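Only one chain comes next, encoded as structure tokens, the form predicted on its own.
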């Protein structure tokens, strides 16, 4: 039972869970544009994510240049071939997968880590990677907000971060984390695309839960 003192109304609770369960990593988009006000709302949702020590390490770069979008696309294609080569016997299967929607989506955003993160110690002395976890929280906020607005979003991680950082003119110490594709879709995948394509199977929560001590789940 929810804590009735602080719980949202039932319809709003259902909306939160619906966005979580129906969020998909989208690769297929249709032509269209995202209203400026909606885009601001999505980025504001990202900016309201939790961050360790309130360091807010996320930075977002909106790509509005066709030439820059094409250059980013080419970097992804370059890494796609290298990734396929590393797949061994699954190379051909991997190459059949659609791994991005950069040219088709309405908006391309780059989510990155800021520079000079070493000055933030609160919560990071033993776990410095919490800065990356904070950016991931911001991306998830944006993803869920996009789904609630009826927009698709895809997280592309197939790129060389050094080359992308150079292309974007990022300062030393900053690092791109994700290429985010946003836009309208014909429909949302019923299941994660990699499940629909037969690439992988989802594991149930029961196989990933433990109590008191680590249990090998492999």
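None of the values given here were measured: they were computed from a predicted structure. Residue numbers count along the first chain shown, from 1.
Missing here is the form predicted together with a small molecule; even so, the following discussion is about that form.
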property: Interface residue in the model of the complex among 103, 98, 90, 116, criterion: non-hydrogen atom within 4.5 angstroms of the small molecule; result: 98
property: Listed residue (175, 27, 59, 69) with a non-hydrogen atom within 4.5 angstroms of the small molecule in the model of the complex; result: 27
property: Proximity to the small molecule in the model of the complex (heavy atom, within 4.5 Å), stretch among 165-173, 150-158, 29-37, 61-69; result: 150-158
property: Non-hydrogen atom contact residue 16 with the small molecule in the model of the complex at 4.5 angstroms; result: no
property: Close approach of residue 50 to the small molecule in the model of the complex, 4.5 Å, heavy atom; result: no
